[in-house]
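What follows is a pair of forms of the same protein chain, given separately as structure tokens and numbered structure 1 and structure 2.
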Structure 1
Amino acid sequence: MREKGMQKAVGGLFFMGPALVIFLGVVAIPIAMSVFYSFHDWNGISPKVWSGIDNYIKLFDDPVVWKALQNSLYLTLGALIVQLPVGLVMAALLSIGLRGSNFLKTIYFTPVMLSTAVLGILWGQIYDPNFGLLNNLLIKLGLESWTQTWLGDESTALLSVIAVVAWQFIGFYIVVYFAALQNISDEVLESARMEGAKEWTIFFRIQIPLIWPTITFTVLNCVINSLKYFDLIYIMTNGGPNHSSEVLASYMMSNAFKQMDFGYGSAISTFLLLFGLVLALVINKLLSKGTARFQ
């Protein structure tokens, strides 16, 4: 009763063709090409020269790569220590359902919707060493000695960006956790209360275990996103000063599109891709063990 032979082939092509061609052309083939480039010495213009694993040897010897990995780790830790717990606590407080909670949730989420260019420029103004709000506030509070060239100092640049990333994404986790908490039936919570359970016991012993799959997702999301984090770093510090806030993506971009070293840039992107996938697999494994424990 359905299409056969030629007709079936035309149908398949018509329905699957556009998505397949675009996805293969823009995602799958470029990834293969990136791996291919990474074994070459190439500036993007003159002919590619096969260089074996030279780029990878360089990569593992490159102190900036290690610095970038370390910075990604700090980004991840910042996210795990600040964004997730604050998001979870705020979501739990909002889910009590006090008046105005919905409106507040909408406002808290707003930074997630805005472009990183806007946020980067806005926070650049706030961090501005001469005219910025932050230093101005510190002076007003009599803490003049605390003022910094926030984004221009090796010791504070990364931390300043991490703070903005947290400021932007807490709202995301509030909404995710809030939705998960809403899915817990009221009866469960009510009966716990009838049994005399305290609110904090309910939070730690009932709500958190019940939304554990969501927590798993957010942890994974956090780690992967921190690893490939780029936008605010590029806009606010461009990896500097002196690579102090460099991450793999920003280092790849400056190698490829500033130094025109496409071979080395490709090696960094291949490394970024593989490292990310392996990390995702490992975390998924570890966390699903946790899920099993709760079920």
Structure 2
Amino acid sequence: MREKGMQKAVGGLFFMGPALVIFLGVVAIPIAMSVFYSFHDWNGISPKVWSGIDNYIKLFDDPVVWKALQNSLYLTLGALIVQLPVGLVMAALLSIGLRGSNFLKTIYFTPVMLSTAVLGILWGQIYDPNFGLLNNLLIKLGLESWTQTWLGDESTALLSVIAVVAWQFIGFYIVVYFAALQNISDEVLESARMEGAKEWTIFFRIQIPLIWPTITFTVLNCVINSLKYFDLIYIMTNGGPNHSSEVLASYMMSNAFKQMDFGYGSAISTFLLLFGLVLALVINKLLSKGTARFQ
């Protein structure tokens, strides 16, 4: 029995080995190194100097960190409010067998496949205050007073980026929810219709409870990805103006790779990791109660 157990363990490690090595090299070891660097004063070139918790004291006294955290939460909330409900409703509409649904799914998923650099440049042109499509459209509609310097105004920069992020990933959640809805047995839905249930009742009382584990996954995925979001913000606003669109990930990159303060940048990344972990655990706990209620 012991030999069989050893053989199973060795076999498991053999098949897990490549993935485990990649995980350790790409995820686990860099995280451990970042935590280690956060306790040092280091510019990436000179020898590291142990500084204890000085970087964390600086972090908690840094007003930009709290502004960036607030913006990260706004980005996360905006993504949750827009991406998931719109994705779920669109998936439900596609699941009823609309003509051309496969073509529509491809169209909706296209922004997910496009390069973030391309999207950043494209939407930067759309938001351009002088010749951008958005301002010109508002002028054509007689709404000239609504025109803005969308990415150059502190009051609109973050909202403008959130709108692009939400639009970019709606297609991903449409596909995920569509696949989950397709796995629901047709007999269950037909039985409900024969009993006289209306479509909205079927949607809220049958379909949503049955795909609740998928909804839990998408909420956690949306929260985690939104908290660490960086690339579009870097391309479109670079955290400006005056840190109005700064998020924790962009502020970490700015400190580490522009100001060459790798110790402080690592402290910010460690703080982001711990905050995201705690938030994900809380959300998972709350959503698991919904899973238990539907079972």
Partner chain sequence: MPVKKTSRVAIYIVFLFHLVITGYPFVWMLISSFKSNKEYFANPWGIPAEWKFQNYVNAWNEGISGYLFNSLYITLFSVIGLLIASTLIGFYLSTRAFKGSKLLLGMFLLGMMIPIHSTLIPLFTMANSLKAYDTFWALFFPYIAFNLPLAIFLAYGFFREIPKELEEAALVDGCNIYQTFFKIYFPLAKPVLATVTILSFFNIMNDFVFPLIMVSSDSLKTLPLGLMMFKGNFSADYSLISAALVITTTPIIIMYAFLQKYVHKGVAAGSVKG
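Here, residue number means position along structure 1's sequence, counting from 1. We call the rigid core whatever largest set of C-alpha positions still superposes within 1.5 Å between the two forms. What you see is a predicted model; the values in this text were computed from it and never measured.
So which is the form predicted alone here, 1 or 2?
-> Of the two, structure 2 is the form predicted alone.
Does the C-alpha of residue 28 move 2 Å or more between the two structures once the rigid core is lined up?
-> Yes: residue 28 shifts by at least 2 Å between the two structures.
Could you tell me how many Å the Cα atom of residue 12 shifts between the two structures when the rigid core is held superposed?
-> Looking at the C-alpha of residue 12 between the two structures, the offset is 10.3 Å.
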